[in-house]
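In the structure tokens that follow, the same protein chain appears in two forms, which are kept apart as structure 1 and structure 2.
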Structure 1
């Protein structure tokens, strides 16, 4: 990770290692005041967009601690593992596939333990710490176990993904929501993985935040519920498995993905929706976005179709996964039907089925990091240009100087706006420093009360993007603020 953006994220109050006064454990991060605002705004924008796809998509909340039986059924107790090699001399443990990838520059994620052992001896891999020889590779379960109760008889785990909470609650919600499909259950919350070697800052954390939407649906009728015509003439930025040799991302018509590549139409429809979210709302530049298809070997066996959603991040050296779109079939509910002995089958119009799941899975921390990476337009000046809906503050209100004449109107404007928008009020220090501070945290608009304005009831409105200033009437501020905050009004279109 770029040290520059990392130190800048720390200095400006966005994100840094947890419990740093105690030296921090690897893979744990806290959000400062600016980061917490940015994260909450990202979550709100995500919620509004994806819950808006269907009236029957709902946010729920479920526990971080799950009983062993549930995670046994889901397969996590037995198979949620990474390969580990331990130095026989100093005892240090490493993620075997990562060591091999670094040493050989070829993908090793899918190697079996035997293949790893063979590779280690073939390339003569030794402990990076002490040069000692490695023992045999083994699988390490990444879940954190928890002992519930005084005797630890209730074995449990911290959830490795939020998705399970939605599967466990599907049946009850299906009843509450009057037995209709599609039914979407979204969870935004923590997930935990005891990574063998957490690296790259917020990209691979041991405690992280997910925003996941599980759409429970009937694959035979799901498309009828969607306005497929929205795909007409639209293209998706993809890198398919059969394009792996080429470097370029292709812009491919939706229809072509459906007809030529045999992707389900509902899947491509959701690719388009995810792409619109990133390009139109999060404002990721088109050339930095792609869907990256996972091969049959790379994807989990239950995923019938699996594309990662990747963004090109300069701080992480290229395209990196921020989200995934997974057509999981009926794998999850079937597994829980077997494990819990509760019937997951539903009846719809005389048909019986175990609903299929289309999962939209987003790493919140990675997405927040991407905002800092992408929208830090100038590393030298440190100016951050965030979309108004995402910025920690949409507006800042300043009296030009800390003078008794200017403060009342500035406070009045602050009060006028603060119920509806994120507004920062600041009266200390030079106006130049205050502008610079807002540039640094990505506040798109600053409103300054000066002496001229007191006589003609105007204030200056400054656009961070261009540093241009315009004089606007105080009694028009509310209307202008609404337009700018929603993005419906552009600064350049102000008279």
Structure 2
């Protein structure tokens, strides 16, 4: 399956390594025409869903370059590191915890440098390139430093995460938005990490895209802003720390997680919202989704609660992290208050506090790849079954043949739909090959104009998922297209 997805991604214009005519460079990828459409649609769906959680959640756009002082205060300058081991024979460097995980199939993220050295020795780990021995493990800072100004005297870095833009902009936005909490600041944009040895395609990149929502809130009153009754009778797919080695995933009632595991009710509420986004909106199968709890040793020290959102991907050999839900407390604003000497404290109803942060962090590239992995089906070779709101094209319009009589009506239908939907027009090649091309890029519906339609004002509407075809009236197309694109009308329900 992995080779099928990679082949499709390149052949049909989704994604491939950057600068490939020069041999490419590890960790950098370009989106082609279909991939850029798919990525943008995912971002739009994400934005609509999560901004819809509260009227005081807003999209902002912050700079990609941050001054050293800001990243010093956040802890990135001193602590944004991964463990590295270097071959003493050939000099190649590798991320130590990944090598151990690949060799032992057990998590190694929480190991200290001393524990890594001991484990490398214990399992006889050798360089994958030349089989030479490794030297001592060391920490490697993953940020990209840059010099700003004509003399390079202003030290700065490419941002390692989009989250810092929200923290740096909090104070001004709090005033602009009339001093109300919760306040959500969302950013969709590039982040940069000098990964030691990126080897898993788009899963681990040096330049990547994040979609993050930082919710600034008062932990004592945040739950009052939420409709907690939405959790009644609902369950969350989780693997808790105390379940490891026993069961991969368990479906637990929201209330049970709150009462027995002492998770904050506002946190479990957002777990439910994230789960609904994956299962109901982007159609990830239930058996391929889970929340994976990070232990106290595995999570960042400032995270009070940390679950990764993972999806089972055949191309990457199992469950892989696509997003994270982190209750960060008041760590971020407190650190920037200390570093900048600017007060981040706010007054609410006679109380003063530094707002806490609930972070929803998504890797856009990983999620786009997951769509290709999950929705490429093998019932018919090369068929990509994407939800209409995510597909690069929602509709394709064809004349049955390249005949002068058919083309005007086909173009008329294309023009009718293109202002409201992503629509492809194609008149080249056999109709079977044109259907196959649309199947491969995930176009849900094809509209074909034939000679019968010239006399009875009908066209053939084809459903990619089933290959079923139905005749519909041209004057009904706008209504039908609106229903199919929104998901409110199912193809099988068409008369």
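The term rigid core refers to the most C-alpha atoms you can superpose between the two forms while keeping them within 1.5 Å. Positions refer to the first chain, counted from 1. Small disclaimer: the values here were computed from a predicted structure and weren't measured.
message = Does the form predicted in complex with a further copy of the same chain correspond to structure 1 or to structure 2?
response = Between the two, the form predicted in complex with a further copy of the same chain is shown as structure 1, not structure 2.
message = Treating the chain as two rigid parts, how far in degrees does the smaller one rotate relative to the larger between structures 1 and 2?
response = Treating the chain as two rigid parts, the smaller one turns 10 degrees between structures 1 and 2.
ask   = Core superposed, what is the CA shift for residue 108 between structures 1 and 2, in angstrom?
value = Spelling it out: core superposed, C-alpha of residue 108 shifted, distance 2.7 Å.
request  = Using the rigid core as the frame, report the C-alpha movement of residue 123 between structures 1 and 2, one decimal, in Å.
outcome  = C-alpha shift for residue 123: 4.6 Å.
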